[in-house]
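Encoded as structure tokens, the following chain is the form predicted alone, with no partner shown.
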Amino acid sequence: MSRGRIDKRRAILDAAFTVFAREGYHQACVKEIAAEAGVAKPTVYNHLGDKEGLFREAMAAAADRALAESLSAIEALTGEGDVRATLEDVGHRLLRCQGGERAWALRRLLYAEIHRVPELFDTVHGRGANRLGEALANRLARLSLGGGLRAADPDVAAGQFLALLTGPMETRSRLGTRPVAEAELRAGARAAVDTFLRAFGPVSAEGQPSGDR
């Protein structure tokens, strides 16, 4: 596939996701997507087929983009430096990624259409949440080997860390319909890390988990 064709396909998928997020699947139309992408309507069909196929591809592309952003956010978990500070920084970055407008739009579209297209769950979670959890588990395992965390199942630890971050933020943001201030994001990251370290932090000489400050 030529570079020009790849770029045009990407532009159409970006436009499609924007329109689907704004109008919902049923109200969105290919004509509007073509206009958003700056291409002719037949061009959309030539690249991606019908509206259903376009929706599935747009969701997959959005999930890939969200994953790339979140994977970049956990790169700081190298096992060097202060574990608490590093986890708080990573938690804050993850909240910014997963609390962004496109990330919320992706989840809302999933919630709205999963009853009609059950395989969307695998498309979004298989490409996003599951792979992020695996990558985070790998990083946390390194921290455990270096003594920064107590020995534990890294998959469980990763799942707990992500849940502590995103669960409360769903309520604070009202499922992405209320902007969350930067101070709230940082406070949410600190609270998540505090609870996480009480469960998974190394035990001190006094027998207390490192989360007890």
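Quantities reported herein were computed from a predicted structural model and do not represent experimental measurements. Residue numbers here begin at 1 and follow the sequence given.
Missing here is the form predicted together with the DNA; even so, the following discussion is about that form.
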Item checked: Residue contact check: A66 to the DNA in the predicted complex, 4.5 Å heavy atom -> no
Next item on the list: Give a yes or no for K41: in the predicted complex, does one of its heavy atoms lie within 4.5 Å of a heavy atom belonging to the DNA?
Entry: yes
Next item on the list: Spell out, yes or no, whether the shortest heavy atom distance between D50 and the DNA in the predicted complex is within 4.5 Å.
Entry: yes
Note to self: Would you classify N46 as touching the DNA in the predicted complex, given a 4.5 Å non-hydrogen atom cut-off?
What the structure shows: yes
Next item on the list: Heavy atoms, 4.5 Å, the DNA in the predicted complex: which of 175 to 183, 145 to 153, 27 to 35, 57 to 65 makes the cut? Say which one.
Entry: 27 to 35
